[in-house]
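Below sits a lone chain in structure tokens, taken as the form predicted on its own.
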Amino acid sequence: MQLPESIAEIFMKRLAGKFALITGASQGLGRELALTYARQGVRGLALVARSKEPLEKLQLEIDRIAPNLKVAIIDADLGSTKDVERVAAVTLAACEGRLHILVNNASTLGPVPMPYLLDYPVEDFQQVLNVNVIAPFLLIQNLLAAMIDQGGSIINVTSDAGRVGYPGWGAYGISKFGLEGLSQTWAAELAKTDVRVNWVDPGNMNTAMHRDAEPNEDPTAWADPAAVTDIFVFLASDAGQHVRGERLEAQSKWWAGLQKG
């Protein structure tokens, strides 16, 4: 028997009632995750990016998808400790003191074209580490109490540059090595709690950052960010509660077996 559309839609909303924070939400993967999470029924979304205008445009799109969804847009420099703390405070206020999903997606590439380490300006190196490693550490530290009671999912966005030291990928690659170590440590320390930590390599995507990083490559050969959001929905949903401490590749379908428990 086919369910009425309204009831079928309810059963399809895998994130119904959850509050989520997504960093780097104004473009690329973060933007697609915000739209996808809205379609999947989240109750509240806190969206972070450096500029407010693209977040405002995204909010209008979300309003059309889910008119009753609470959306908080936060323009912030995640390289600033004070801004990170402000993001946490605004998120908690907007999400009624609860948080079920934290996606640390924001990253900065650093100077382009990307210099070799010998020529890397130390100020730029520090900024990349601040945004890509220190900010996720601080957000988890500041928001963990809001997740611990009801449980939740922390998803850190990594890269293959965090597993192999490619020449010229400099501070970005090193920061992803750091993020993977950070993720492993948080996962181990939270192993006996209901908060799970996983990290996802989305693979090559047609984003502004990737085009900046490899301007001589053909971006049409890379995946649309909208095509890699499924794994982020699964990990954020109750169906993904048994998956923790894992490094997953969004474009490798072997992870789909995890959905069977």
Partner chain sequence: MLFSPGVSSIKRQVLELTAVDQKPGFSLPADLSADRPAERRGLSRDQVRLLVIDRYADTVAHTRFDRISEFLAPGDLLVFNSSRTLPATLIGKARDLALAIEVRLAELLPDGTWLALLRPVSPEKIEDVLAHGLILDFERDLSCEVLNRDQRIRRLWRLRFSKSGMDFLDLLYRIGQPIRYRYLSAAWPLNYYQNVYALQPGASEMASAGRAFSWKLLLRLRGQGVGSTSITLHTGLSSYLDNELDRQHLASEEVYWVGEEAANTIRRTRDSGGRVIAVGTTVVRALESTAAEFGGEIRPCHRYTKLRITAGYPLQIVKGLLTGLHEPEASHLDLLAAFVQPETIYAAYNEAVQRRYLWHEFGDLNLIL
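What you are looking at is a predicted structure, and each value in this text was computed from that prediction instead of being measured. Residue numbers count along the first chain shown, from 1.
Heads up, the form predicted together with its partner chain isn't pictured, but that's what we're talking about next.
- When its partner chain is considered in the predicted bound form, only one residue from Ile174, Ala94, Met114, Ala187 comes within 4.5 Å through any heavy atom, namely Ala94.
- Site annotation in the predicted bound form: the residue of Ile134, Leu109, Ala161, Leu144 reaching within 4.5 Å of its partner chain with a heavy atom is Leu144.
- In the predicted bound form, its partner chain stays beyond 4.5 Å of every heavy atom belonging to Leu129.
- Its partner chain in the predicted bound form comes within 4.5 Å of a heavy atom belonging to Glu85.
- Looking at Ile74, you'd find a heavy atom of it within 4.5 angstroms of its partner chain in the predicted bound form.
- Contact check for Glu123: every heavy atom lies farther than 4.5 Å from its partner chain in the predicted bound form.
- Comment: 86-94 is the region of 176-184, 163-171, 86-94, 115-123 lying near its partner chain in the predicted bound form, near meaning a non-hydrogen atom within 4.5 Å.
- Contacts between stretch 104-137 and its partner chain, counted in the predicted bound form as any heavy atom lying within 4.5 Å, involve no residue at all.
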